[in-house]
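In the block that follows, a single chain appears as structure tokens, in the form predicted alone.
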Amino acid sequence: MLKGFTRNFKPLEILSEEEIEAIHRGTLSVLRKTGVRFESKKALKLFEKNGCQVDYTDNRVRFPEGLVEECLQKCPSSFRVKARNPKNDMIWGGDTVYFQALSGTGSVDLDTWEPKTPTRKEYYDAITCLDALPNVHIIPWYTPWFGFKNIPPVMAMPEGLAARLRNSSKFTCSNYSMGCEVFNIQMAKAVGAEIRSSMAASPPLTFYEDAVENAFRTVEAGFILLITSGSVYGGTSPATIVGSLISGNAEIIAGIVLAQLIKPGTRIIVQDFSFPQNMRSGSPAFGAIEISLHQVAFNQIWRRYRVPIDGGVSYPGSKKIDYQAGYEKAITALIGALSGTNTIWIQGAMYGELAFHPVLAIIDDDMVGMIGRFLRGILVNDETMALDLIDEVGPIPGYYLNKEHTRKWWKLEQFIPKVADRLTYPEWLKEGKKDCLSLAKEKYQEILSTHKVDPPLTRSQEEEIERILKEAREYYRKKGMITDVEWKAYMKDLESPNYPYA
């Protein structure tokens, strides 16, 4: 089982107990008075059956406080998640922190910084890279990209999940669109893995039918449900951090009530995917420090609820792999980890969800290793205090380099990055003045030439995945969701060397 990183000290907090209680009471007020809109007759009937006030004219549900408290208590405070390879299983909750790669709609050329659409081979290679990186614990949906060349949009998610199952044995996720979760659930079961899927609110205070239907299917399959609010404060939630917290938490709790009514004890992880609005452009302000303020408060509230937390989404505002991208991602991820997030998104993502690159994921993995080392803290015992050794060495001319204590402990105390430049200046000049981007490019090629997924899919598992994909292709083709032009390009792609399972 993956250990991840354990925070060995008290989490960062910025709210008083009185402020937490005020936010909690405010959230209950929104749920009771304002309510949440659900575009699903099935959900509305379930809510009404369990004592909620349901207005069928505008599909609005108002929640009694007792039901809310009861459903929050039914959420497990920690739970095991099952990967394709048991060595990659995890326990979510408590003081443990795991890191997951981030996604992009497409790739980018590292020389020109122009956007580009990846090929199937580039998609598979990027997953191989993520499988090799030691601090990528989770490979989520849409990762590495939302699709690749010659793939009809409606098949992007099933093909993406198949690619992750083929090229990694780490825990992965899927999501919903046009009912594709039906095929995704089948594929996960075919290889003996669990997946996490989501129920995403559409702020303000709304869940559309596709999100609700996916929640029913995910919960009934016994898988993990991530419930998320993705507001832009000042746009789809109040401009104040506390107002957006109350609005977002009301959405998330409404989703929790639904999930626990479908199946009590359902494993839930909650996500804060909110950003301030850039009032000049209207777009989300990626990389803003207010994201971290929101995250710390969100984490403090949900630790009180004892529900595992997914957050710390580290999208930078920069469009390149540069200093700005580094400090924006590092600050968001570090503050999220210090304040109690259980899973953090970071490796590979560039501006917003517009771009991903595996070379950046390699650099980010070093950053995650540094954060993990900080979370471990300082071990204080007789051996680490080294009083006898200090007495033995004494003042100058004594030194510690030749001591057994040094040989043992420097490797335990220090984090050694894989691609960061740690050479002395003369060594750096002699070695060609390579920066971390150049070193990461070299590391990427090394990974592609040496890394193998452990274990690969068995023949029967691969055949079952291919059968499910074929069923999905035919289903969407008959539904008219794949055009003749898309179908022709798709079939040609399946016959090419880029498709090793044709």
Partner chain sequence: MNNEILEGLRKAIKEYDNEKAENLAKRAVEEKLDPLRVLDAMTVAIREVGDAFGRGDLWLPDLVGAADAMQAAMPIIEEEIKRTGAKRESLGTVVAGTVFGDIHSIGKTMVCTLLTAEGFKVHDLGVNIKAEEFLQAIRNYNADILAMSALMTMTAPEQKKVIEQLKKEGLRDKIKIMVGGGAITEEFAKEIGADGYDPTAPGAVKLARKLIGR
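Numbering follows the first chain given and starts at 1. The structure displayed is predicted, hence computed values, not measured ones.
One more form of this protein should be noted, the form predicted together with the partner chain, which is absent from this view; the next part is about it.
Residue 406 is the only one of 119, 85, 406, 78 with a heavy atom lying within 4.5 Å of the partner chain in the predicted bound form. Only one segment in the set 155-163, 409-417, 215-223, 93-101 has any non-hydrogen atom within 4.5 angstroms of the partner chain in the predicted bound form, and it is 409-417. A residue is said to contact a partner when one of its heavy atoms sits within 4.5 Å of a partner heavy atom; residue 265 fails this definition for the partner chain in the predicted bound form, lying far away.
Although the partner is absent here, residue 192 lies well away from the partner chain in the predicted bound form, with no heavy atom inside 4.5 Å.
Looking at residue 426, you'd find a heavy atom of it within 4.5 angstroms of the partner chain in the predicted bound form.
Although the partner is absent here, residue 73 is not a contact residue: none of its heavy atoms lies within 4.5 angstroms of the partner chain in the predicted bound form.
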